[in-house]
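Read the single chain below, which is given as structure tokens and is the form predicted on its own.
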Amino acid sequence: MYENKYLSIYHDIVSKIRQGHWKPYDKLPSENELAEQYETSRETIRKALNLLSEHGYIQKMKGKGSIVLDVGKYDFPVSGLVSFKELAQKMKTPAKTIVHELEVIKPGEYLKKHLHVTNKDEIWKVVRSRKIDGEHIILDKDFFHKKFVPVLTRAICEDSIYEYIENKLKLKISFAKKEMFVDKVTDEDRKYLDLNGYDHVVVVKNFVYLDDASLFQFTESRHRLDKFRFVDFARRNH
């Protein structure tokens, strides 16, 4: 019960920060005030505040209490290999995928280089925008080797391609290599994204492999600058 209590307090405060009850740089109530509000001990409140600090929601200032940080960005793990559906469920934020293109193409020089394919191969091209909190802020351009993914439908692409690949095709997605850089917006970005005046996007290239080391997917994921921070966890080896 003790652990459940501090976790429920943590989630409640996160929800209030996300909803704007406390704005960036606001000071949270004191430990005593929060303990009274949540009808619990200061130790339980302290555990909840430590968790908030660890996850980047607050900064604990000695002698000044806890200051709310700007969380108007969404966390997308650089080193992780997860689907947008899984991320949306984790964020607990209204999200929707819109499929703009779904077709089988022959690879040009760019795809032959990035997906290690030849003129004889057929490639699924999937262009999708991701709508979060009412704004289109990610453009995903996915390319799948048709040898590994023979069939794709609009319904699959609107839901989760990874879920389909793993549960229906019984393929094991194993690892990915990633590149990240900032790029100028393109006409395609302007067409599908709500750019809000930004003239650059953050681009993450993903080269995704199956457990037999077969490269089956190349993705170019284009993110609006102001809405995303890319997070990773690193520990220094001693």
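The term rigid core refers to the maximal set of C-alpha atoms that superpose within 1.5 Å between the two forms. Numbering starts at 1 and runs along the sequence shown. Please read these numbers as outputs of a predicted model, since none were measured by experiment.
Although it is not shown, the form predicted together with the DNA is what the next lines describe.
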{"query": "Option touching the DNA, based on a heavy atom within 4.5 Å in the predicted bound form, out of Asp199, Glu33, Glu188, Glu179", "finding": "Glu33"}
{"query": "4.5 angstroms heavy atom contact with the DNA in the predicted bound form for Asp194", "finding": "no"}
{"query": "Contact label in the predicted bound form: Gln37 to the DNA, heavy atom within 4.5 Å", "finding": "no"}
{"query": "4.5 Å heavy atom contact, Arg46 to the DNA in the predicted bound form", "finding": "yes"}
{"query": "Contact flag, Lys184 vs the DNA in the predicted bound form, heavy atom cut 4.5 Å", "finding": "no"}
{"query": "Candidate site Tyr6, Arg42 and Met61: all three near the DNA in the predicted bound form by heavy atom within 4.5 Å", "finding": "yes"}
{"query": "Rigid core fit then Glu36 CA moved by 2 Å or more between the shown form and the other one", "finding": "yes"}
{"query": "Core-superposed comparison between the shown form and the other one, Asp194 Cα displacement 2 Å or beyond", "finding": "no"}
{"query": "Exceeds or equals 2 Å, Cα of Val185 between the shown form and the other one, core fit", "finding": "no"}
